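Structure 1 and structure 2 below are the same protein chain in two forms, each given by itself as structure tokens.
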Structure 1
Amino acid sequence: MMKTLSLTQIENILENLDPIPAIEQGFVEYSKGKCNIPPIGELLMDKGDVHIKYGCITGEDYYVIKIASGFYDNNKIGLPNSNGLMLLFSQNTGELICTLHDQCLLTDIRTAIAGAITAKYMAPKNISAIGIVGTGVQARMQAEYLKSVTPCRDIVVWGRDPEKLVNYRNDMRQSGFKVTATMDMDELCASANLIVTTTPAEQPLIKADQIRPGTHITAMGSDTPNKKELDVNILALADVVACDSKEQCYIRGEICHAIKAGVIDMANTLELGNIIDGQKGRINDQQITVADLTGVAVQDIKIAEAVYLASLG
């Protein structure tokens, strides 16, 4: 019988579930070619965008179809910016096994987990401060999940809206962080050597001459062909450029802009799954490294399966 999980049920399950190891293994399986992940379905509209991500891991029990949206002015009318659901099907029969009406919570969590996994393998050992670019849901969740991979609790957060900066600072202080809020990107880049960008910007927010040696940047806001948070010269400057999916990042995210500008070659990039599996990424704490995360369906497969199996008790 098909199961339906509400947002409240999913939240309760997640209290006793750690999806990080499963998602980490999912990146490895993806980079080993074990996943069947078709191109992203995408609907770009004036007020928002919708992504349809779907796929399976060869030989496993389930496949997943995920619909997730971002309508970035929703907060002005009292609604969350993101919404969506995940559908878990049997790979053996095609039957719908479970509808996870997560309202994009699982997408937000698996995205934040990807940031933590990336920092685990690519950030410098000694993190002076965490730079968070943006003040929304993902800006908070990225910091929360970084707790699992670094003892650093100093945040420098950048935003354009003073009120949102104050709200972010207050919220994250309650979560145990020391927070400095700024509207000056120079200040953030001078203070932080682990930077996470979380915005839907379409013009670069950070320039190459702002990045100091030893910095790692996880760029996760740019997940469509038109979004762009980094100056392409940052990728040209970087000692290591990694991504979640070379196939996806060739046409979306920060890497695609750098390739179009002729400043990097995809052949010189690494996939996160390869780094997790032992391929050398960062070698020392003086290197500049960049990870371009556009979100891969294997993350959705792993977290949907984990929540469903946990719901069975």
Structure 2
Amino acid sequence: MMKTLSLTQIENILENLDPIPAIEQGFVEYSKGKCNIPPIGELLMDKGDVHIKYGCITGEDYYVIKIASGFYDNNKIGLPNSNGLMLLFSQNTGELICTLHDQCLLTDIRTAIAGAITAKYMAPKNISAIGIVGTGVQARMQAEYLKSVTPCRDIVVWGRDPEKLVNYRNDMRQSGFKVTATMDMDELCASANLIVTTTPAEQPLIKADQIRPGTHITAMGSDTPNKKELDVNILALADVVACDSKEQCYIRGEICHAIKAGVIDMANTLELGNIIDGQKGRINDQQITVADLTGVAVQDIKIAEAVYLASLG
């Protein structure tokens, strides 16, 4: 009855699985208020911390508990800093159905998929170039998952560290992209009309006057009350401001800073699930749109379920 999936097994399953439709569906159900997602559990220890995210979609088959840890000296001893697993249980009997030892891979993927879904529903029709801000794991994965929603294979990547920029360029070229690396944000904003910010910055990296009409920005790096990647005035001038979860964005991400600065009102924002479900987001290719992604547990629920169901063959 109970199944265990190793990281390798999960990687193999993902080769023939597109979790985007399931996660889109999850965002819709989330925005309809069908999700039961308690506050995140947190255990802070001397050498690291662990977060427990859990919940379910009311009346569906499964509930999911995700355990994710960060131990920031692990790299020094050859271990990954981030670690984690997901547990899928029956919502009918409470039985453990599947343990997914994904070591955070599914979190990385569901995060990248949220970016792809956002671009699918909010980006302008023709993407001139994809602007990637940052050079880390999500800077790579966001671009990978955008492949399924745009034919554009031109990346302008911005970073502060030339070595990391070179590594990024080399990696993404191998993955089929044409990559321009820059340390000048003006250059990125001038050529990209789909920008994805993926950094843990605590001071804005992009200014309002750098943004051209017809640009969409997905800000996914900021997920705490302190982080922010965008000048609040970008949100003020945007025609559409969306987010994954209004409830979360009151206290973390980009939107909370803009609300605190008094330049936008939560009542004028949309949830991604609303837009997927048919509410109007972008209405022409001259509008500026912004999406603030902080990550919601329904993404974990949906990707764990999709991988488990695919494992049944």
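So that the term is clear: the rigid core is the largest set of C-alpha atoms that superpose within 1.5 Å between two forms. None of these values were measured; they are calculated from a predicted model. By convention here, residues take numbers in order along the sequence of structure 1, the first being 1.
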Between the pair I just shared, point out the form predicted alone. 1
Relative to the superposed rigid core, does the CA atom of residue 80 travel 2 Å or more between structure 1 and structure 2? yes
Rigid core fitted, is the C-alpha displacement of residue 48 between structure 1 and structure 2 2 Å or more? yes
Any chance the CA of residue 95 moves 2 angstroms or more between structure 1 and structure 2, core superposed? yes
